[in-house]
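Only one chain is given next, in structure tokens, and it is the form predicted on its own.
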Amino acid sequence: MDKGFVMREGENGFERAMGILEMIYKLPDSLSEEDVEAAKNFVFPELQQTVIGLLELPADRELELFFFRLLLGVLKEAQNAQAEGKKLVFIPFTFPPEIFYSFDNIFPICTEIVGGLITNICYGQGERFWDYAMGMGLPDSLCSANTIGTMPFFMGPGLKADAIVYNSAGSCNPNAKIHAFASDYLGIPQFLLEKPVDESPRGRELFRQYLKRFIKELEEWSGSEMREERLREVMKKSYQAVELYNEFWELKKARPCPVPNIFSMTLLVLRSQLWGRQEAVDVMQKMVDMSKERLRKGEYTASEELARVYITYIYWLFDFYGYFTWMEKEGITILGDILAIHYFPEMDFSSKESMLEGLADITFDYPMTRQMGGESISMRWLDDIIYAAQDLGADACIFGGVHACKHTLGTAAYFRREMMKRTGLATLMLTGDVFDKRHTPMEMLQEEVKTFVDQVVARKKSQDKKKAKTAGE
């Protein structure tokens, strides 16, 4: 195998990433330290951070190997979907994939998951694809996640979608714009699901009508009706995963937290690409079982849990080891981000109508759509992060996201001030980009986070202990 992993004739970034990922089939189920070291040394330096980020810590190793093998299987299904007579549809990360799995002949692929794979697997990460977009004259105010995810399909050759979907106008405008542009440039139809900013029962009822219209349009385009039995089968799988998600959330409350940091990334991919399928249930079950076992044994990677942080926006995803593993080894627990906060209503499986109503509520309250598409971005975002941070016992928050997201950047100062006022939790503000290391290198993030924990979080915890001791005397 070419250690440089350069792009090959006839492939785009998606196919190249999958070709490289196939190396996981050659790894044994039970990896030794020597196996991990050999796997790391086999690949080029940028991919080494992915390999050790997933496999260095024994607590992560078994789950991540299991998860990526299942994920690769699903991506291969996407790759073969058109040959099997199915329609391949690009969807954004703000959209529940179970809607599309409920069709017999539609297969979804999340563009941000494609961008994440390329960034963490391909030589040069996602930079060549971002630079290609800039070379086309597209504005640098686009989001790197979905721009890197869609550019390989612009560049060709290889896989092309049959249609593209977005529901993010108002909640993620950069995503909406690049998906609309992709529709025009690639000459494929686009389907739009609008969300009213009205959060009253009237607004929710209007959204239910929009969703039904959206599904009807998909049915007419694909030539296939969404069958009630198929919908029920998918939604029951979805709710098996929901039960495990709720259990997983409760496990994160324990001190020290028994849930490895990298599982946060795993949950993000599961929800964006695999929800509604058996693979999501199987991986969630393993994540819960392994976390329970660590809780029972009192296992924690560092000698002490120094800080429990809630990421107020999105994890940085271009260096798994430098972000998730490094924090865990430093005694910093990552409790979640904005995309980890889901609201699942009680589901009535009795009829297609009742399931669609439940699905409409899930979509209405989907992360990002719920906050950035709400009546007030700052208030909805603040309320949800306060709920998560307090419920999970966070000591502090960290803001970091995408340079293009003017929604969050525009309200970040207000958010930090109100967070401190209402909860007493300090927020570290970081500028950079989740998918492009050229904005802020990981070494700078680590230095900022370490200084914040040492000088702000640790000092506050020490002061709180003194106050408690004085009050007890």
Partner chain sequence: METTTTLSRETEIYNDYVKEWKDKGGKVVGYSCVATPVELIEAAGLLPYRIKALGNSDTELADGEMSLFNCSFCRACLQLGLDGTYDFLDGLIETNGCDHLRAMFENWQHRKKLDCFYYLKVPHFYRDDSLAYFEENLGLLKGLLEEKSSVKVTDEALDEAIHGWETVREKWRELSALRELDTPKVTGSEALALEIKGSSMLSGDFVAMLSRFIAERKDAVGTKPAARLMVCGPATDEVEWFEEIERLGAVVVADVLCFGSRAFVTAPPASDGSPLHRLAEAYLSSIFCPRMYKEYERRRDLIRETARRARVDGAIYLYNKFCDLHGVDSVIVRRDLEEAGIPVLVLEKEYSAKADIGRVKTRVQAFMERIGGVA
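What you see is a predicted model; the values in this text were computed from it and never measured. Numbering follows the first chain given and starts at 1.
Although not depicted, the form predicted in complex with its partner chain is the subject of the following passage.
Here the marked residues 254, 353 and 358 all miss its partner chain in the model of the complex; none has a heavy atom within 4.5 angstroms. Shown alone here, residue 177 lies within 4.5 Å of its partner chain in the model of the complex, counting heavy atoms only. Although the partner is absent from this view, residue 290 stays clear of its partner chain in the model of the complex, with no non-hydrogen atom inside 4.5 angstroms. Residue contact with its partner chain in the model of the complex: residue 437 places no heavy atom within 4.5 Å of it. Put simply, residue 220 is far from its partner chain in the model of the complex: not one heavy atom of it is within 4.5 Å. Among 198, 243, 250, 131, the residue placing a heavy atom within 4.5 Å of its partner chain in the model of the complex is 198.
This chain appears without its partner; in the model of the complex, the one residue of 104, 77, 140, 348 with a heavy atom within 4.5 Å of its partner chain is 140. Between 232 to 240, 260 to 268, 358 to 366, 181 to 189, the stretch whose residues reach within 4.5 angstroms of its partner chain in the model of the complex through a non-hydrogen atom is 181 to 189. Residue 379 is the sole member of 379 to 401 found to place a heavy atom within 4.5 Å of its partner chain in the model of the complex.
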